[in-house]
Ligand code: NAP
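Next up: a single chain in structure tokens, the form predicted on its own.
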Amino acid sequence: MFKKKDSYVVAVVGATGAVGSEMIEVLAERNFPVSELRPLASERSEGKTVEFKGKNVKVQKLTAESFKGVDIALFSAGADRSLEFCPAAAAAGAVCIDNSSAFRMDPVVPLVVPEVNPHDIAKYTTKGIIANPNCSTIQMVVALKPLHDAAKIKRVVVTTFQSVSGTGAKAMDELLDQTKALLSFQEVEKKVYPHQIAFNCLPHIDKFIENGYTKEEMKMVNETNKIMGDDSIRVTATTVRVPVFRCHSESVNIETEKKLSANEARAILSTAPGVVLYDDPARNVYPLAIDVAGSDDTYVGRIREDESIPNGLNMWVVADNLRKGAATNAVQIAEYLIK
């Protein structure tokens, strides 16, 4: 059982990656009570330093013995490392908050978005692990939950427009390098993605599976049902990688049991936790990735009734995938845990 203290030893696994470094920044920004930060990464990052609250902290090599004395371990180093090291961290007494896909659909591991299902955090005790959902799922369910409570959502059709930072720092470099090359009339190099990402859209995130969908698309289906605690919600997704550095945008169409007008939906979302209503198209006011970057909130706009069905709504949902879609959500879970 997790012990309440005045401050905690916090390990960040994948500390030098895009999300890991964001986790360290969010811990500092939100003044999480850290007595010791333990940055962990692969052997090639050993000895580097990360900045935390004005001090440089040395990165240590990740091993099974890295978690002695750790209270909370934030993982963002990929599913393989989570599968290998989360059990070791939990065995050493740490509660793991894992940002990978490794444990999300494990029936005994809670999958948590604090604005939606904070009560599920208490279920961590079986394995000592709490799963952080997929970035695109997080922002969508933050917007869906208050509408589901009001009118019961029957079906969701979502198309995502996901930034390259969702793939990591190398993908961000690839977009920059390809853009420079094209503007200089040079050939582009493709290393991270199978096709050019600069000035292009790729309807392909993660691997394709037998049903013709990608793993990313099926994550959105399965995770939404688990987080919302309602398997009756039907979800279908198309996930698209776009040449944007940061923030994911989503076109979300929902069908509800009870009729909700656009104005009723706006009123509900205007007071929903974690949501910023940003919706005045007459003045060109709607969420944009470049405006939302760096924010911890989920922005919702372009709310309008779907005129093709009796009880339908369309909306545009934008959030920073490195923050609310990953690092901030993980730290928020830790905040609930220590409460």
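Note that the structure is a prediction, hence the values are computed from the model and not measured. One-based numbering along the sequence shown.
The same protein also has a form predicted in complex with the ligand, omitted here; what follows describes it.
Participant: Given a 4.5 Å cut-off on heavy atoms, tell me which of 111-119, 260-268, 98-106, 181-189 is the interface stretch with the ligand in the predicted complex.
Facilitator: Result for this chain: 98-106.
Participant: Contact between residue 167 and the ligand in the predicted complex at 4.5 Å, heavy atoms?
Facilitator: Yes, contact at 4.5 Å.
Participant: Mark residue 145 yes when one of its heavy atoms lies within 4.5 Å of a heavy atom of the ligand in the predicted complex, and no otherwise.
Facilitator: So residue 145 does not count as contacting the ligand.
Participant: Check residue 315 for me: does it contact the ligand in the predicted complex (non-hydrogen atoms, 4.5 angstroms)?
Facilitator: No, no contact at 4.5 Å.
Participant: Please determine whether residue 18 contacts the ligand in the predicted complex, using a 4.5 Å cut-off between heavy atoms.
Facilitator: Yes.
Participant: So which of 89, 74, 254, 135 gets a non-hydrogen atom within 4.5 Å of the ligand in the predicted complex?
Facilitator: Comparing distances to the ligand in the predicted complex, the residue within 4.5 Å is 135.
Participant: Suppose contact means any heavy atom within 4.5 Å; which members of 61-81 contact the ligand in the predicted complex?
Facilitator: Result: 62, 76, 77, 78, 79, 81.
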